[in-house]
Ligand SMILES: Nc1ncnc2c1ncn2[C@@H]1O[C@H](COP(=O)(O)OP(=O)(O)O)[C@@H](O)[C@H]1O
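Next up: just one chain, as C-alpha coordinates, the form predicted on its own.
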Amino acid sequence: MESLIQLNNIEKSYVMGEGERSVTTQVLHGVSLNINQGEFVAIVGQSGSGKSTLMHILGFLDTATRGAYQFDNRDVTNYDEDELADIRSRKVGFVFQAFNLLPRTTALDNVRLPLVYQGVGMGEQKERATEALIRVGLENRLTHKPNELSGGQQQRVAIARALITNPLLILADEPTGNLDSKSADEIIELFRKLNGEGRTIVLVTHSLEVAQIAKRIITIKDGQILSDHINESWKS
(Lines give C-alpha, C1' and ligand atoms only; values in the text may rest on other atoms or scores of the structure.)
Protein backbone atom coordinates (compact mmCIF):
# COMPACT_ATOMS: atom_id res chain seq x y z
CA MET A 1 0.00 0.00 0.00
CA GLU A 2 1.09 3.56 -0.67
CA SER A 3 2.01 5.75 2.28
CA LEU A 4 -0.34 8.63 3.13
CA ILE A 5 1.18 9.89 6.40
CA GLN A 6 4.77 9.86 7.54
CA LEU A 7 5.74 11.48 10.84
CA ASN A 8 9.43 11.58 11.71
CA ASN A 9 10.52 12.41 15.26
CA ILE A 10 7.63 14.81 15.94
CA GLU A 11 7.89 16.94 19.06
CA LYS A 12 5.39 19.46 20.37
CA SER A 13 5.94 21.96 23.17
CA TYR A 14 3.77 24.75 24.54
CA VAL A 15 5.11 27.84 26.28
CA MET A 16 2.97 29.36 29.02
CA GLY A 17 3.70 32.87 30.25
CA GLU A 18 6.38 35.30 29.17
CA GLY A 19 9.99 36.09 29.97
CA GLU A 20 11.56 34.62 33.07
CA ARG A 21 8.19 33.32 34.24
CA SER A 22 7.54 31.32 31.10
CA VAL A 23 7.15 27.57 31.46
CA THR A 24 7.65 25.12 28.59
CA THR A 25 5.62 21.92 28.58
CA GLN A 26 6.54 19.22 26.09
CA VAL A 27 3.53 17.18 25.03
CA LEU A 28 4.95 14.96 22.26
CA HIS A 29 8.38 13.37 22.49
CA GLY A 30 9.81 12.16 19.19
CA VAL A 31 6.72 10.52 17.66
CA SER A 32 7.39 8.64 14.42
CA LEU A 33 4.77 6.66 12.52
CA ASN A 34 3.62 5.70 9.04
CA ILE A 35 -0.01 5.31 7.93
CA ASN A 36 -0.78 3.85 4.53
CA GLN A 37 -3.69 4.72 2.28
CA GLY A 38 -6.73 2.59 3.10
CA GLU A 39 -5.71 1.80 6.68
CA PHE A 40 -8.09 1.94 9.65
CA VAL A 41 -6.02 3.07 12.63
CA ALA A 42 -7.03 3.81 16.22
CA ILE A 43 -4.86 6.07 18.38
CA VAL A 44 -5.70 5.31 21.99
CA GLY A 45 -4.54 7.01 25.16
CA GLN A 46 -5.81 8.46 28.40
CA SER A 47 -6.37 12.16 29.06
CA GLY A 48 -3.05 13.99 28.92
CA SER A 49 -1.34 11.29 26.86
CA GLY A 50 -0.83 13.57 23.87
CA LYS A 51 -3.32 11.85 21.57
CA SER A 52 -5.37 15.02 20.92
CA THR A 53 -2.24 17.03 20.16
CA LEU A 54 -1.14 14.32 17.75
CA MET A 55 -4.56 14.36 16.08
CA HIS A 56 -4.38 18.14 15.67
CA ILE A 57 -1.01 17.83 13.96
CA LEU A 58 -2.25 15.02 11.71
CA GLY A 59 -5.27 17.15 10.72
CA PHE A 60 -3.31 20.37 10.14
CA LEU A 61 -5.01 22.09 13.06
CA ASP A 62 -1.62 22.57 14.73
CA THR A 63 2.03 22.28 13.79
CA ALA A 64 4.93 20.43 15.38
CA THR A 65 7.71 22.21 17.26
CA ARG A 66 10.28 19.86 15.73
CA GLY A 67 10.29 16.93 13.33
CA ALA A 68 9.00 16.33 9.81
CA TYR A 69 5.53 15.59 8.40
CA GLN A 70 4.97 14.18 4.94
CA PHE A 71 1.38 13.91 3.70
CA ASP A 72 0.33 12.46 0.36
CA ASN A 73 3.95 12.41 -0.83
CA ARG A 74 4.50 16.08 0.01
CA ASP A 75 6.63 17.54 2.79
CA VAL A 76 4.16 19.76 4.66
CA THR A 77 6.44 20.46 7.64
CA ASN A 78 6.91 24.15 6.90
CA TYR A 79 3.55 24.98 5.35
CA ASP A 80 2.15 28.37 6.38
CA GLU A 81 -1.36 28.88 7.78
CA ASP A 82 -2.99 29.41 4.37
CA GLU A 83 -1.37 26.29 2.93
CA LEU A 84 -2.42 24.26 5.96
CA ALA A 85 -5.99 25.55 5.72
CA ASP A 86 -6.13 24.62 2.04
CA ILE A 87 -4.93 21.06 2.51
CA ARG A 88 -7.16 20.67 5.59
CA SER A 89 -10.28 21.77 3.71
CA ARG A 90 -9.64 19.62 0.65
CA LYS A 91 -8.01 16.45 1.95
CA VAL A 92 -9.16 15.90 5.55
CA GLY A 93 -12.65 15.18 6.85
CA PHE A 94 -13.35 15.60 10.58
CA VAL A 95 -15.86 13.77 12.79
CA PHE A 96 -16.12 15.01 16.39
CA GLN A 97 -17.73 13.67 19.55
CA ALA A 98 -20.04 16.68 19.84
CA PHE A 99 -21.13 16.47 16.15
CA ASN A 100 -20.47 20.24 15.65
CA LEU A 101 -23.60 20.78 13.57
CA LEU A 102 -25.23 24.17 13.06
CA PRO A 103 -28.39 23.89 15.21
CA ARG A 104 -30.80 25.92 13.05
CA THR A 105 -29.65 24.41 9.78
CA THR A 106 -30.99 21.35 7.96
CA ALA A 107 -28.98 18.17 7.51
CA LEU A 108 -28.54 18.99 3.82
CA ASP A 109 -27.22 22.48 4.53
CA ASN A 110 -24.90 21.25 7.29
CA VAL A 111 -23.38 18.71 4.92
CA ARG A 112 -22.90 21.09 2.00
CA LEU A 113 -21.13 23.70 4.14
CA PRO A 114 -17.54 22.64 3.25
CA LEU A 115 -18.39 23.09 -0.43
CA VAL A 116 -19.60 26.63 0.24
CA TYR A 117 -16.10 27.54 1.44
CA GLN A 118 -14.64 25.95 -1.68
CA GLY A 119 -16.79 28.09 -3.95
CA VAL A 120 -18.72 25.17 -5.47
CA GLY A 121 -21.97 26.14 -7.20
CA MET A 122 -25.25 25.73 -5.32
CA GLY A 123 -26.60 23.03 -7.62
CA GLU A 124 -23.54 20.86 -7.22
CA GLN A 125 -23.49 21.53 -3.47
CA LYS A 126 -27.02 20.16 -3.04
CA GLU A 127 -26.43 17.21 -5.35
CA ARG A 128 -23.26 16.09 -3.59
CA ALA A 129 -24.73 16.69 -0.11
CA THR A 130 -27.79 14.62 -1.00
CA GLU A 131 -25.57 11.79 -2.26
CA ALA A 132 -23.50 11.90 0.94
CA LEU A 133 -26.59 11.72 3.16
CA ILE A 134 -27.99 8.83 1.14
CA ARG A 135 -24.67 7.09 1.57
CA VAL A 136 -24.97 7.21 5.37
CA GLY A 137 -28.62 6.11 5.34
CA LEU A 138 -30.33 9.48 5.86
CA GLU A 139 -32.17 9.88 2.57
CA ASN A 140 -35.39 10.60 4.51
CA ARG A 141 -33.82 13.22 6.79
CA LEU A 142 -32.49 15.81 4.33
CA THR A 143 -34.59 18.70 5.65
CA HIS A 144 -34.44 17.78 9.34
CA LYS A 145 -32.57 20.01 11.77
CA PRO A 146 -30.27 18.57 14.46
CA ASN A 147 -32.88 18.80 17.22
CA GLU A 148 -35.15 16.65 15.07
CA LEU A 149 -32.56 13.88 14.81
CA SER A 150 -31.28 11.27 17.25
CA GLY A 151 -27.66 11.35 18.39
CA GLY A 152 -26.77 8.57 16.00
CA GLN A 153 -28.44 10.38 13.11
CA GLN A 154 -26.61 13.60 13.98
CA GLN A 155 -23.31 11.73 13.87
CA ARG A 156 -24.26 10.33 10.48
CA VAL A 157 -24.81 13.88 9.27
CA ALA A 158 -21.35 14.75 10.59
CA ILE A 159 -19.85 11.77 8.76
CA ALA A 160 -21.61 12.79 5.54
CA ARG A 161 -20.16 16.28 5.96
CA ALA A 162 -16.70 14.76 6.42
CA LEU A 163 -17.13 12.80 3.18
CA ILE A 164 -18.43 15.66 1.06
CA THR A 165 -15.01 16.80 -0.19
CA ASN A 166 -13.91 13.22 -0.95
CA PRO A 167 -10.97 13.55 1.48
CA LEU A 168 -7.88 11.36 1.59
CA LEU A 169 -8.14 11.10 5.38
CA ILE A 170 -11.02 10.92 7.84
CA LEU A 171 -10.10 11.91 11.41
CA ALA A 172 -12.63 10.82 14.02
CA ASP A 173 -12.29 12.16 17.57
CA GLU A 174 -14.26 10.03 20.08
CA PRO A 175 -17.05 9.60 17.48
CA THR A 176 -19.18 7.32 19.69
CA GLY A 177 -18.61 9.21 22.94
CA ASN A 178 -22.04 10.87 23.04
CA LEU A 179 -24.05 7.91 21.75
CA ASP A 180 -26.02 5.08 23.30
CA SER A 181 -24.69 1.58 22.68
CA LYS A 182 -27.04 0.80 19.76
CA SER A 183 -26.21 4.04 17.96
CA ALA A 184 -22.52 3.57 18.69
CA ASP A 185 -22.60 0.09 17.12
CA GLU A 186 -24.27 1.54 14.02
CA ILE A 187 -21.60 4.24 13.69
CA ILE A 188 -18.87 1.63 14.15
CA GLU A 189 -20.34 -0.44 11.33
CA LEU A 190 -20.52 2.65 9.14
CA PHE A 191 -16.84 3.35 9.70
CA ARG A 192 -16.03 -0.26 8.85
CA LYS A 193 -18.06 0.05 5.66
CA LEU A 194 -16.27 3.25 4.66
CA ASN A 195 -12.90 1.67 5.33
CA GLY A 196 -13.96 -1.33 3.26
CA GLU A 197 -14.54 1.10 0.39
CA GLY A 198 -10.93 2.21 0.69
CA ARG A 199 -11.23 5.20 3.03
CA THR A 200 -8.27 5.94 5.30
CA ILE A 201 -9.60 6.42 8.82
CA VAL A 202 -7.74 7.49 11.95
CA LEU A 203 -9.86 7.26 15.09
CA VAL A 204 -8.73 8.91 18.33
CA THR A 205 -10.14 7.58 21.59
CA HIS A 206 -9.42 7.02 25.28
CA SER A 207 -11.27 3.70 25.20
CA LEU A 208 -9.51 0.42 24.45
CA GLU A 209 -12.93 -1.08 23.75
CA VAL A 210 -13.70 1.51 21.07
CA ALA A 211 -10.21 1.10 19.62
CA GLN A 212 -11.08 -2.52 18.80
CA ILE A 213 -13.07 -1.31 15.78
CA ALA A 214 -9.79 -0.52 14.02
CA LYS A 215 -7.46 -2.92 12.25
CA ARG A 216 -4.36 -1.28 13.74
CA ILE A 217 -4.05 0.13 17.25
CA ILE A 218 -1.45 2.70 18.30
CA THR A 219 -1.22 3.33 22.05
CA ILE A 220 0.24 6.63 23.20
CA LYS A 221 1.35 7.48 26.73
CA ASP A 222 3.20 10.52 28.06
CA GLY A 223 3.65 11.86 24.54
CA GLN A 224 5.31 8.73 23.18
CA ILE A 225 4.13 5.71 21.23
CA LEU A 226 3.91 2.84 23.68
CA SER A 227 2.80 0.19 21.20
CA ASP A 228 1.75 -0.15 17.57
CA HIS A 229 0.18 -3.45 16.49
CA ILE A 230 -2.31 -5.11 14.22
CA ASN A 231 -5.61 -5.89 15.96
CA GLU A 232 -5.98 -9.67 15.67
CA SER A 233 -9.68 -9.51 16.60
CA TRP A 234 -10.51 -7.00 13.86
CA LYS A 235 -13.42 -7.91 11.60
CA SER A 236 -13.42 -6.61 8.03
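A residue's number is simply how far along the shown sequence it sits, counting from 1. Keep in mind the model is a prediction, meaning the values are calculated, not measured.
From this point on, the text means the form predicted in complex with the ligand, which you will not see here.
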| item | value |
| --- | --- |
| Joint contact, 183, 191 and 214 to the ligand in the predicted bound form, by non-hydrogen atom at 4.5 Å | no |
| Stretch in contact, per heavy atom within 4.5 angstroms of the ligand in the predicted bound form, of 42-50, 66-74, 195-203, 163-171 | 42-50 |
| Among the candidates 35, 179, 31, 27, the residue which, in the predicted bound form, approaches the ligand to within 4.5 Å (heavy atoms) | 27 |
| Residues within stretch 1-30 having a non-hydrogen atom within 4.5 Å of the ligand in the predicted bound form | 14, 16, 27 |
